[in-house]
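Given as structure tokens, the chain that follows is alone and in the form predicted on its own.
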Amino acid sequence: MKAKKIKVNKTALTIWILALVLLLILSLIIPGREKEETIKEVMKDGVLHEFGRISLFGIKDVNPAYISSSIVVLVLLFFALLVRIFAFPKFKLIPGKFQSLIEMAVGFGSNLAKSNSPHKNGILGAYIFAAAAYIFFGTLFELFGVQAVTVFGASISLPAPLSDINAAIAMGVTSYLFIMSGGISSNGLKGVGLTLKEFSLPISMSFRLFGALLSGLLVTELVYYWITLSFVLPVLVGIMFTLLHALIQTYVLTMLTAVYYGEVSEPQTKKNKKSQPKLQAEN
């Protein structure tokens, strides 16, 4: 029985591999439609969104990344509200699958905060959890292919929020100000000085997020531009880059925030100079 099941699984796997190879060959051989834009224009618009502006409630020239960010935030807040109202009262001492998933996500922020900032970590865990949720699900947002119509009448897929430089800078600066708040609450004005010593931190945070997510966006745009069928290679490349960036950038930014928050929030104690023992003169 077991041997028969393994044989069936091997046959199904072989059929799937052959189908994927066939689709890949067809995507490379079949001629595509005439391109409306050059590859240079496609890549440039992926960065600047000059021709991808959207009209929102009568306001023209709205950046599509802003709409993506608003959707992600509203969905996360709505989900959190549903969990608090309907799921949280039903949580038990022995957790189920959904409760275990929620506890694991919350535990990620809590453990990261406690391990890097033992002196002050209550609010740090909450911030890490919120930032991680926004970065992770904001990055995965582009996989859903939410469509919108530009002011020029063209249809586009809304990008990931952090693939826009403005959103990346806002995330980096927000994390930096949060780190500074931890230094002030623990060490007063000295905390400001400790934080300002790392003046390049918001720049590195911002451009690390922007560069990583933008590279994935541009590679995906390049693949979709040159390959006719939206099967196999474009899908694999898009999912691979998106998932990797979501996981890596979520961990990197939250880890940096926790480490620097722990450094500036550590109580600064004055070191007393040890008095040298006086040598008694021998009689």
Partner chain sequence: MPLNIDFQQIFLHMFNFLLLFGGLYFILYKPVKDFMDKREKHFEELEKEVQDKLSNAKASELEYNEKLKQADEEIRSKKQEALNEAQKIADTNIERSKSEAEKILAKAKKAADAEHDRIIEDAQREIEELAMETTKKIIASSGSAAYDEFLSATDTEGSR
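For clarity, every value in this text was computed on a predicted model and none was experimentally measured. Positions refer to the first chain, counted from 1. In this text, rigid core is short for the largest set of C-alphas that superpose within 1.5 Å between two forms.
Unshown form predicted in complex with its partner chain; subsequent notes refer to it.
A.B. asks: So its partner chain isn't shown here. In the model of the complex, which residue out of 154, 184, 170, 140 has a non-hydrogen atom within 4.5 Å of it?
C.D. replies: Filtering the options by heavy-atom distance leaves 170.
A.B. asks: If the cut-off is 4.5 angstroms on heavy atoms, which of these, 80, 196, 148, 203, is the one near its partner chain in the model of the complex?
C.D. replies: None of the others qualify; the residue that does is 80.
A.B. asks: Is it true that 119, 241 and 259 each have at least one non-hydrogen atom within 4.5 Å of its partner chain in the model of the complex?
C.D. replies: Checking in the model of the complex: none of 119, 241 and 259 is within 4.5 Å of its partner chain.
A.B. asks: Please check if residue 114 has a heavy atom lying within 4.5 Å of any heavy atom of its partner chain in the model of the complex.
C.D. replies: Yes, residue 114 sits close enough to its partner chain in the model of the complex that at least one of its heavy atoms falls within 4.5 Å.
A.B. asks: Residue-level contact is defined here as any heavy atom of the residue lying within 4.5 Å of its partner chain in the model of the complex; does residue 191 satisfy this criterion?
C.D. replies: Taking the distances in the model of the complex, the answer for residue 191 is no, it never comes within 4.5 Å of its partner chain.
A.B. asks: Is there a heavy atom of residue 55 no more than 4.5 Å from a heavy atom of its partner chain in the model of the complex?
C.D. replies: It does not: once its partner chain is placed as it appears in the model of the complex, residue 55 has no heavy atom within 4.5 Å of it.
A.B. asks: For residue 69, is any heavy atom within 4.5 Å of its partner chain in the model of the complex, or not?
C.D. replies: Yes.
A.B. asks: Can you tell me which bits of 74-99 touch its partner chain in the model of the complex, meaning any heavy atom within 4.5 Å?
C.D. replies: The stretch 74-99, when checked against its partner chain in the model of the complex, contributes 76, 77, 80, 81, 83, 84, 88, 91, 92, 93, 95, 99 at the 4.5 Å heavy-atom cut-off.
A.B. asks: Just checking, between the shown form and the other one and with the core aligned, does residue 62 shift 2 Å or more at the CA?
C.D. replies: Yes; residue 62 is a residue whose C-alpha shifts (by 2 Å or more) between the shown form and the other one when the cores are overlaid.
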